[in-house]
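Just the one chain here, laid out as structure tokens, in the form predicted on its own.
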């Protein structure tokens, strides 16, 4: 992994103290083996353990090491693709059911915080901002779509209204979504792990899945042992690599970077983002930011398909932040880190079966904070023989990324195109 992908983050520095989990040693069996201790895998493990299944989770690093513990902490509404692509495939009624499931993912998150006493600084309110006046029509169409779906409460803010909320003049308006928000993503992930273990699941950290035999039964081998299981749940997302060749071309790992400033103090923080809402622009290459509980600004973006990274991540990211908030030119950057998210070619999460007893879900395309927990739950339902909701989302067709071994340079070129498009929009 690249240096910044392994760098300590603000999240690791402020994580809830949690026990480590011993690596797998020797051969063992389970009802269900789960690959990946992020939101997806832990959600499935929690549901199945509570239902009485013997569950073993294999994690190649530590709980929340991947996107689940490194992301921007933004809880979003719906799917990155919007409703149109889903409706084109499934029709209006099933597309509406998919949106209802996406809404359920936020409810599930809230319920788990309460039920398992997970403290992760959840706050509500989200601003989708535009950088050009003509994009106001896009916001209106977005709001109309939400209204038609029965998703109430969104409002459109003009430039003057928005500038009362944000101490910047670069935007021309925003769609405010009171049903989206932000939180501490690693603390949520660690809380899911504690809940899964309390329910009876076993987690093995530093236990990378080196090979997978589909079976039945499924056999997953690590460097120090193996798990034989009746069912297999694959939840490695962007960090799965080529461990399961059939899944390798279905998602593309994309690096995203985040910086965290020094604390501002409450007064200066609220002067910057008055109501403490999460913010993201509507460009293809998104900037996103929010305040933390201890009054820092977390600012992320600069998506990259390349494995190359800048020599100084803080220097690389600072101009993005100061383009929005010039008044922060002299602010100290305390943390800078990166992580991989997985995108699909149509920006809709990919879920399905590789065999009747082998399930997978990945490719949340930047909106996995809430969706991943739901997809894990739906895989658990399918293992238990209740697959109607799983099958609905699994009906969505996904094309592999083109280019084979050349797909990375092809997508780097595509990213340059979208950067130019954003600049000229």
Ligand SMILES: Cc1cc2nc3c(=O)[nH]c(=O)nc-3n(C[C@H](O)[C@H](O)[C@H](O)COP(=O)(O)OP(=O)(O)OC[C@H]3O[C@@H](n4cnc5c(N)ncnc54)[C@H](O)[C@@H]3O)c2cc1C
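Source: prediction; values computed, not measured. Numbering follows the first chain given and starts at 1.
A second form of this protein, the form predicted together with this ligand, is not displayed here; the remarks below concern that form.
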Residue (of 49, 58, 380, 374) lying close to this ligand in the predicted bound form, criterion heavy atoms within 4.5 Å = 58
query = Just one of 129, 105, 261, 71 has a heavy atom within 4.5 angstroms of this ligand in the predicted bound form, so which one?
reply = 71
key: Contact segment among 117 to 125, 144 to 152, 234 to 242, 95 to 103, judged by heavy atoms lying within 4.5 Å of this ligand in the predicted bound form   = 234 to 242
query = Any chance residue 203 has a heavy atom within 4.5 Å of this ligand in the predicted bound form?
reply = no
ask   = Does the 4.5 Å heavy atom contact test between residue 366 and this ligand in the predicted bound form come out positive?
value = yes
ask   = Would residue 30 sit within 4.5 Å of this ligand in the predicted bound form, counting heavy atoms only?
value = no
message = Against this ligand in the predicted bound form, would residue 165 count as a contact residue? Criterion: heavy atoms within 4.5 Å.
response = no
task = Can you tell me which bits of 18 to 43 touch this ligand in the predicted bound form, meaning any heavy atom within 4.5 Å?
result = 35, 36, 37, 38, 39, 40, 41
